[in-house]
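This document opens with one chain alone, in structure tokens, the form predicted on its own.
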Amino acid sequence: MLELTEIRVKYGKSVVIHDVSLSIQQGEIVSILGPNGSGKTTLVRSIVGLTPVVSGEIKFFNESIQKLKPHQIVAKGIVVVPEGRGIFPKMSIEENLKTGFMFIEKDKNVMNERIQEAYDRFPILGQRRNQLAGTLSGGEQTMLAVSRAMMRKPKLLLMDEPSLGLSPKLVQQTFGIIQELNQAGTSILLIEQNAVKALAICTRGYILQKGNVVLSGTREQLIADEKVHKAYFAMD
């Protein structure tokens, strides 16, 4: 579905992504794990065309996309739930959802159907549709960010640190949402620091350090790896 082949990304003269290769198949949840500063968010930005790729290739369904503009990549079916959720705090829930529909279709009936789908998935959003997004709890904001992304019916959903800053209870809820989306047919590339939770739900994973993939494998392989266990599970 998505294939990155030896991509390299620079900020100024500094190489921040070093010849990274990875892939995701339809139906998978693939996790990219690593500490702060490992290059995870830069990798997401390169996939969606926000940070130029210096070399290498990014293919989506066997079509090169690394030279496309961000809105063209979104139109292909790749949508991001950004780090920090990226909602518009001074707009209502419903207004936020409508921004997720912009630039793709002008059929208001379709837009309203998708808004209703969001309310069916998360009834609390429907109950508070006129409430300002900035007044929602962290968990509700995550529901809104996911719902806005799903307005585009993405083939691939990129989720950048969805559990960041959430309480343990809301982290559990967020990962439940990710599983539900995947079970409903959405493929997910999950960028996370919370390796324990991410490895509990993913199909496969990659561990990134200083812009390099240092380890990859199935969920079971990564959980069983001594270095992974020591780094992420020893204190769990």
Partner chain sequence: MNTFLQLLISALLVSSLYSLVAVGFTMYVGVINLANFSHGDTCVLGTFLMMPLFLYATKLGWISASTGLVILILIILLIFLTGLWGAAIYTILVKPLLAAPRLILLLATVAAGQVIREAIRVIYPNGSNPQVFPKLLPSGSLNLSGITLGYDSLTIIFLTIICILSLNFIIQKTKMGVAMRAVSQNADVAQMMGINIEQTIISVFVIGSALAGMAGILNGSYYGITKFNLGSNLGIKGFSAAVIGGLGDFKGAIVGGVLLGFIEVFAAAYIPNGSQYQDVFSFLAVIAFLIFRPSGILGEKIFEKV
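Residue numbers count along the first chain shown, from 1. Remember, it's a predicted structure, so these values are computed and weren't measured experimentally.
One more form of this protein exists, namely the form predicted in complex with its partner chain; it is left out here, but the text below deals with it.
Trainee: From the list 125, 87, 115, 150, which entry has a heavy atom within 4.5 Å of its partner chain in the predicted bound form?
Mentor: Filtering the options by heavy-atom distance leaves 87.
Trainee: Counting only heavy atoms and a 4.5 Å cutoff, which of 201 to 209, 45 to 53, 181 to 189, 58 to 66 contacts its partner chain in the predicted bound form?
Mentor: Within 4.5 Å of the partner lies stretch 45 to 53.
Trainee: Does any heavy atom of residue 163 come within 4.5 Å of a heavy atom of its partner chain in the predicted bound form?
Mentor: Because no heavy atom of residue 163 falls inside 4.5 Å of its partner chain in the predicted bound form, the answer is no.
Trainee: Indicate whether residue 130 is a 4.5 Å heavy atom neighbour of its partner chain in the predicted bound form.
Mentor: No, no contact at 4.5 Å.
Trainee: Does its partner chain come within 4.5 Å of any heavy atom of residue 100 in the predicted bound form?
Mentor: Residue 100 belongs to the contact set for its partner chain.
Trainee: Residue 77 versus its partner chain, in the predicted bound form: is there a non-hydrogen atom within 4.5 Å?
Mentor: Heavy-atom contact with its partner chain at 4.5 Å: absent for residue 77.
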